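Only one chain is included here, represented as structure tokens and corresponding to the form predicted alone.
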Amino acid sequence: MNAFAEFALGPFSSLWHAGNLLDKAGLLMFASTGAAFALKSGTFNLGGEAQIYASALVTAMILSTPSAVAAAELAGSGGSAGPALFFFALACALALAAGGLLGFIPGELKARFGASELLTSFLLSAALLPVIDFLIAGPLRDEGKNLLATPAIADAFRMRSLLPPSLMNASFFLACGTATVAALFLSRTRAGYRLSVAGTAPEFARFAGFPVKRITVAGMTASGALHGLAGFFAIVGTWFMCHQGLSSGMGWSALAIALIARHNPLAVIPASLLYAWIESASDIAVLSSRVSFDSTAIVQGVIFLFISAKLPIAGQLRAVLKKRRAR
């Protein structure tokens, strides 16, 4: 009973736990919105891990260059904040570009040669992850510390906690806004309508004259860029350095959330919160009681199964409600 109470209420037992839950949910929202965007365009982006990881590394390296450090020191000493803002914006743009490029390559291969984006995105990610690990543990490592990580970014580039002492920051609200904008784009704009139609009924889209191949490339590129945002905010808002294994399954979790949300970016918001709560609750239950990691994994699997499965009883209930309304 105590273990169940820790599982259900542990994530809300303190500002530390609650804030960290929201911080994790925010990062998942960025990546999940990207995964949902790819699914809407009729593609599967299995390269989210590398897209997040590479973008995080790019962000950390840009913000730890001597010029960026000097700009941060200038802003911290009461001088102009313009140079620091420039480097912050540059790091964000390059993180988007890195993630977008890693999404563009599988999309272009599918559009040009008919190669499966599931295979190409996964293989590209699998090839890049050990390379990034090597760079972080080798030439890009901060030699002054024992961590396998890049040098920490300056305080001027760090997003402040809104719920101290937790890591929760403004990126959570930016993630909610990003998911909302993506949902409005898909449902309210002509380009979004074309993307949705091309993903749902590609043959009809071709008959209607929609550029299906370009839509495929655009969907994968946008998906990669949104994963890149998760990597960017992971550095400036959460860890402040790119450590080895930073993505740690975030890309796969994002894909699971997008599937639970039925490819709807707006539904990604509650789905990400639920996913973050279950993960946080599992960690707290393992640390504060004798519950094993395998037991919490089983509980997670059962919960996600009931959430994502299209149970027959749900369809029966909808049919009954329709009949009552018809009367």
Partner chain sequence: MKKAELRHIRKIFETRGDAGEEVRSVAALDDVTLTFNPGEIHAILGENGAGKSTLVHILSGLHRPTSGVIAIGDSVFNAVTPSQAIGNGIAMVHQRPLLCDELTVTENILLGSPGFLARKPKAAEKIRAAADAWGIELDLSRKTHTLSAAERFYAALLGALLRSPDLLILDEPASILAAGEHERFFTALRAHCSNGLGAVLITHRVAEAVRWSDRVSVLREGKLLYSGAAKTLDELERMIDPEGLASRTARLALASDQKEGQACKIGTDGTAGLSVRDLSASPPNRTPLSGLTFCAPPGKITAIYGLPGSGLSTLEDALSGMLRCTSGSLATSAAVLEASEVAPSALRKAGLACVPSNRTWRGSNPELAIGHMLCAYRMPRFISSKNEAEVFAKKILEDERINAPLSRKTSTLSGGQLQRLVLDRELAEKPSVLVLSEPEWGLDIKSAAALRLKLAQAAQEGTAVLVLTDNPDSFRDPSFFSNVLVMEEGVLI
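Residue numbers count along the first chain shown, from 1. Not measured: the values here are computed from a predicted model.
Unshown form predicted in complex with the partner chain; subsequent notes refer to it.
With a 4.5 Å cutoff on heavy atoms, F86 does not count as touching the partner chain in the predicted complex; it lies far away. Within this chain, F173 is remote from the site of the partner chain in the predicted complex, having no heavy atom within 4.5 Å. Looking at A218, you'd find every heavy atom of it more than 4.5 angstroms from the partner chain in the predicted complex. For the chain shown alone, G82 is not a contact residue for the partner chain in the predicted complex, no non-hydrogen atom being within 4.5 angstroms.
Heavy atoms within 4.5 Å of the partner chain in the predicted complex are found in exactly one of 187 to 195, 71 to 79, 228 to 236, 94 to 102, that being 187 to 195.
The single contact residue among V181, L90, L162, A201, judged by any heavy atom lying within 4.5 Å of the partner chain in the predicted complex, is A201. Scanning 202 to 224 for heavy atoms within 4.5 Å of the partner chain in the predicted complex gives E203, F204, R206, F207, A208, G209, F210 in sequence order.
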